[in-house]
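Below, in structure tokens: the form predicted on its own, a single chain.
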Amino acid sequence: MARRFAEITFTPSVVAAQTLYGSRTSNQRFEVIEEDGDPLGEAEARFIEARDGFYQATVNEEGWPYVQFRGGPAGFLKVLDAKTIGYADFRGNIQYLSVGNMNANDRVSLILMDYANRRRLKIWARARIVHTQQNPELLAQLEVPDYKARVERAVVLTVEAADWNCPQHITPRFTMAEIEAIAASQDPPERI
């Protein structure tokens, strides 16, 4: 959804910065791309559901941004359809900064990282908080049965735009599971 991404992010001040720093011409291509309307295709869905965490940005009533890492088992962020993702909101530090911000301003931005393969997906969405008594079926759909964390609510995100970002400057990092898989695929060293 490159064109929608440009509509959301290329504000007058961003266009001015692109002009000042000489990248306006190359960025204009995002504004004329033909799109089919669905922000999430199969590649995005597979990528999203393979993640074990993401960064979520919200903004409070004073205009201050807040970025939080949301983590859980791989697949806890679920694709509900081509325009909707959601997750069970597990109990955390009980400050409720993100939830409070989403109640005041439903705009959120997510950054999903695959450090090992140097891939990044950015998502802009509108958030909706759903409590168990409002929609128990949805909460059940978003729960992660084997994960021992208390679910307090669901967060449902209507995706406005998504954009794959370049791998430049992403330092490869690996989870223990990824390291163990790499080690298991290697031949053991010969003993001398």
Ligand SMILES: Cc1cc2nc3c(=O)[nH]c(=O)nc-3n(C[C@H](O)[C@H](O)[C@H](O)COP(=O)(O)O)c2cc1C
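Start at 1 with the first residue shown and count on from there. Computed from a predicted structure; not experimentally measured.
Keep in mind that the form predicted in complex with the named molecule is missing from the display, and what follows is about it.
Contact check for residue 73: no non-hydrogen atom falls within 4.5 Å of the named molecule in the predicted complex. Although the partner is absent here, residue 55 sits far enough away that none of its heavy atoms falls within 4.5 Å of the named molecule in the predicted complex. Taking non-hydrogen atoms only, residue 68 approaches the named molecule to within 4.5 angstroms in the predicted complex. Taking the partner from the other structure, the named molecule in the predicted complex has no heavy atom within 4.5 Å of any heavy atom of residue 82.
Contact with the named molecule in the predicted complex, judged by any heavy atom within 4.5 Å, is made by just one of 97, 104, 116, 111: 97.
Contact with the named molecule in the predicted complex, defined as any heavy atom within 4.5 Å, is confined among 27-35, 159-167, 46-54, 60-68 to 60-68.
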